[in-house]
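Let's start with one chain on its own, the form predicted on its own, as structure tokens.
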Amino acid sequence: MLPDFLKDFLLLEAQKQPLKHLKPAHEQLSLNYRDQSGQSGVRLNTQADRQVYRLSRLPAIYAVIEALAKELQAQLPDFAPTSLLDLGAGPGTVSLALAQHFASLEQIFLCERDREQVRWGQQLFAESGNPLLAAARWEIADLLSLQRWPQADLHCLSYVLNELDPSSQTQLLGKMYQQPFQVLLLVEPGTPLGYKHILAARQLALESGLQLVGPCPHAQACPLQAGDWCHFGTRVARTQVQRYLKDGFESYEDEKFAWLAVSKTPLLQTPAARVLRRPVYRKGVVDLTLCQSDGSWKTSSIARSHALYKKARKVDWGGSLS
């Protein structure tokens, strides 16, 4: 849920110009996110692009990061990062969400190449009333040419790989994997292309000797067949502005995403399975599509008489089952 100061700031953003002037930019942004050619990326070239991104994408990405923070906490209950490195930070969406979730954070470093996004984020952070955000350190730089990597416990790269060609992705990930961190979180759109980028990042992470935190409960080849892809979703409450830009009447939407979290420390415990689809509830039975620790996947029908039935009733799409 968006904090009040962020809601107020976005409301001011929406009042800068008539929203009808932003509809073409919103349509193009949506097309870019859905594009599967790998050619367009999601680049913000105009002020209208940036404004639409903040009004439309920021709340959705905030919800994704909020959901993943909860998943990291469930998977790593002792993980209490004191520092965060937000790479390709945009207006600071990841930092906003993680600052609300991890009370242990004492320092935030952000790196973003778009000066206007940085300016907007700095103003938001300064007016947030949160000393941690107000003291955050921003650096304007392209990630591929970044020379100084601030040390931090938690590193996050969100919605950046889709802007890079395969060679640049490998170059950036290679640099990231060499940095000292406890946990590194990657997030991409929940499209086949986003999954492809995450899958390549996963393979490189394993080759680099890193430990998988999630979503995979195993380090073997992904068992999904061609035409299928690993992705998850979180429900996002739509603002009035979002409903207008999207020509939608629903008060919510489901934001789809793909993710990968890795660590340099061997995990004491990994989940037995990850729920790959929304559970299907029947009378006395829950149908779960599971990615399992042995590297396989299956649809399991868990009846009321089964020991896991209570857990199955509570677990959601993307959750783990042990």
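From a predicted model like this one, the values you see are computed outputs, not experimental measurements. Note that residue numbering follows the sequence shown and begins at 1.
Not on display, but discussed next: the form predicted in complex with a small molecule.
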Non-hydrogen atom within 4.5 Å of the small molecule in the model of the complex for each of Tyr53, Gly90 and Asp142: yes
Contact assignment for the small molecule in the model of the complex, among Glu116, Glu127, Glu163, Asp228, heavy atom within 4.5 Å: Glu163
Listed residue (Gln169, Thr234, Ser158, Gln242) with a non-hydrogen atom within 4.5 angstroms of the small molecule in the model of the complex: Ser158
The small molecule contact in the model of the complex: Asp153, any heavy atom under 4.5 Å: no
Partner proximity in the model of the complex: Glu112 to the small molecule, non-hydrogen atom cutoff 4.5 Å: yes
Proximity of Ala261 to the small molecule in the model of the complex, heavy atoms at 4.5 Å: no
Residue contact check: Ala69 to the small molecule in the model of the complex, 4.5 Å heavy atom: no
Interface segment, criterion being heavy atoms within 4.5 Å of the small molecule in the model of the complex, picked from 82-90, 248-256, 191-199, 173-181: 82-90
